[in-house]
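As a starting point, one isolated chain is supplied in structure tokens, in the form predicted on its own.
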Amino acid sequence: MLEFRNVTKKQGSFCLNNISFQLEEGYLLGILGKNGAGKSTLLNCMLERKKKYQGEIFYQGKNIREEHQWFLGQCAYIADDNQFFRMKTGAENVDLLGGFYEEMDMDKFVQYMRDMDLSWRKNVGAMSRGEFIRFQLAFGRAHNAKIYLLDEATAGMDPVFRRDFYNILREILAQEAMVIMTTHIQSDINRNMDYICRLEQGKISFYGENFGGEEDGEFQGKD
């Protein structure tokens, strides 16, 4: 289980304020909110090495502030700005970065890439945006990540891509993992999110189970 306890982070004039929630393995949590609401800041609280926030974050009962390197090994960050060696192939990236992950498995990486009709011999910098997003999923699955953090991963993608993408996420969730993702796409929210966390000006305005969308485009949640 992942647990935020009263997490607060100030960044210039913005403040992510008193964030508390729990998420069990096997579920997909959608982080919603307008630009500047704090969605990416929430993800960064888990990823950044310098823990410049108040409050605590726990995963599997461990304080990630104290076990941060171990925690990062449990995570897969999927985003446009994720850092890889762009002039190296997907397989070369696994060779170069795999040592940071105890369970990295090249054979699994190649198989996951094949399953998504991707070449592991292609330079990362030559991949399309969709290929790069799927490559990152294969990389995370190859080191048996248990927490997938996705920042607007499906933005700009066509409906067929998004359908296949969520099918992959459901396979991941079945392996005792969890997914936390930011998105603005209402149909994705209505059809695919198990839980919703809506942020407004750095605060949680709603957290609860998602029961699907209404005709006006707003999700239905448990009050």
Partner chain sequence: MVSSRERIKAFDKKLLKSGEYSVILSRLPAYIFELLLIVIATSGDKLSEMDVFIVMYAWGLTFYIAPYLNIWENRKNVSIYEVLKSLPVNQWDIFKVRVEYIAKLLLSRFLIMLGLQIPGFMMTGKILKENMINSLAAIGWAALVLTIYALPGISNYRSNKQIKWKAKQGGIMWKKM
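Positions refer to the first chain, counted from 1. Fair warning: this is a prediction, and the values are worked out from it, not measured in the lab.
Unshown form predicted in complex with the partner chain; subsequent notes refer to it.
Give a yes/no on whether R121 approaches the partner chain to within 4.5 Å in the predicted bound form, heavy atoms considered.
Looking in the predicted bound form, residue contacts with the partner chain do not include R121, since no heavy atom lies within 4.5 Å.
Contact test in the predicted bound form: Q69 vs the partner chain, heavy atoms, 4.5 Å
So Q69 counts as contacting the partner chain.
Touches the partner chain in the predicted bound form: K88 (any heavy atom, 4.5 Å)
K88 belongs to the contact set for the partner chain.
When the contact criterion is heavy atoms within 4.5 Å, does D80 count as touching the partner chain in the predicted bound form?
D80: yes, in contact with the partner chain in the predicted bound form.
Using a 4.5 Å cut-off on heavy atoms, what residues in 130 to 150 are near the partner chain in the predicted bound form?
Residues within 4.5 Å: none.
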